[in-house]
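Take a look at this one chain, the form predicted alone, written out in structure tokens.
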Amino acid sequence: MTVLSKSDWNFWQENGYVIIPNAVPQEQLDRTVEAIWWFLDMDPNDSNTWYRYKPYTREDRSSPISGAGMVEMYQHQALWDNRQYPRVYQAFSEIWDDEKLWVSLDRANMKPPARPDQPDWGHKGMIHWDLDTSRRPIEFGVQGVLFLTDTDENQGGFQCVPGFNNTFEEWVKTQPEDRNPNAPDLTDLEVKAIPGKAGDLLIWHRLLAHGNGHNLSDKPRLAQYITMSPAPEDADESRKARVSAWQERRAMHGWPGDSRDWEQSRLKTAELTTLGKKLLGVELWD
């Protein structure tokens, strides 16, 4: 059964993103939220604990969370349950028009509200690309985020410049040669915050300028990043690295990771479904 309707496709073509509601069941969302609070050793009912850590920096990686709310948890069973959920996979499969996909081993997000007495947590958000837009060709790709709780426009969630992937090539002709290839000059561009309901899966075109926003609410923003892309052929080294990261309950090389090693020391390796094994690379697609 298809996930994306004709109106979904039209919206995707015009705006560069699309929202799939009820992508995973509520009980999985609840387990994922619980896992994040566990991993951060915070009490969801005591807002003072949300600021327990200072955000990590390039110089100091001792914290398990960044100023933008990136939670350095990668291999928890709850994250895998969402990655391997059939409706999530089906959405990416339709976007790619390809059934043979690998899933990203990405992180969660908990962005607490900005507070005057917590200046380390006043991250105002950003708009960027997760690629170098000066390099050619720019190949098609997508990214995704799962809303774990209802998220209002002022809650520091996903924001973007709608449709910018469609106008990028004309826009870039107007930019100076020394422009930042990872973040656009926002002059004359309109940034829009995208609210969502718990269970919404938002998939966006990788050329869409995007980021997360300034949390001006009194609630934390909670999310999980999930994306999928076609499984490469003859990628034995990549496959081994992915399987090893899963088995050892750690981040892939190049990701910040958790210096406390909580997942390694306190969890068992996540169980995978038949679909999950193929999305990781433990089993090959036929």
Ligand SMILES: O=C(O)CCC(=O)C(=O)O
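Given the structure is predicted, the values throughout are model-derived calculations rather than measurements. For every residue, the number given is its place in the sequence shown, counted from 1.
There is also a form predicted in complex with the ligand; it is not shown, and the following applies to it.
Asker: Choose from 75 to 83, 171 to 179, 114 to 122, 142 to 150 the stretch whose residues reach within 4.5 Å of the ligand in the predicted complex, heavy atoms counted.
Answerer: One stretch meets the cut-off, namely 142 to 150.
Asker: Is residue 210 close enough to touch the ligand in the predicted complex, meaning at least one heavy atom pair within 4.5 Å?
Answerer: So residue 210 counts as contacting the ligand.
Asker: So in the predicted complex, does residue 56 come within 4.5 Å of the ligand, heavy atom to heavy atom?
Answerer: Result no; residue 56 lies far from the ligand in the predicted complex.
Asker: Is residue 225 a contact residue for the ligand in the predicted complex, using a 4.5 Å heavy atom cut-off?
Answerer: Heavy-atom contact with the ligand at 4.5 Å: present for residue 225.
Asker: How about residue 130 - does it come within 4.5 Å of the ligand in the predicted complex, if we only consider non-hydrogen atoms?
Answerer: Output for residue 130 is yes: heavy atoms within 4.5 Å of the ligand.
Asker: The ligand isn't shown here, but in the predicted complex which of 231, 70, 33, 252 has a heavy atom within 4.5 Å of it?
Answerer: Contact with the ligand in the predicted complex is made by 70 alone.
Asker: Relative to the ligand in the predicted complex, which residues of 176 to 207 have a heavy atom no more than 4.5 Å away?
Answerer: Only a single residue, 204, comes within 4.5 Å of the partner.
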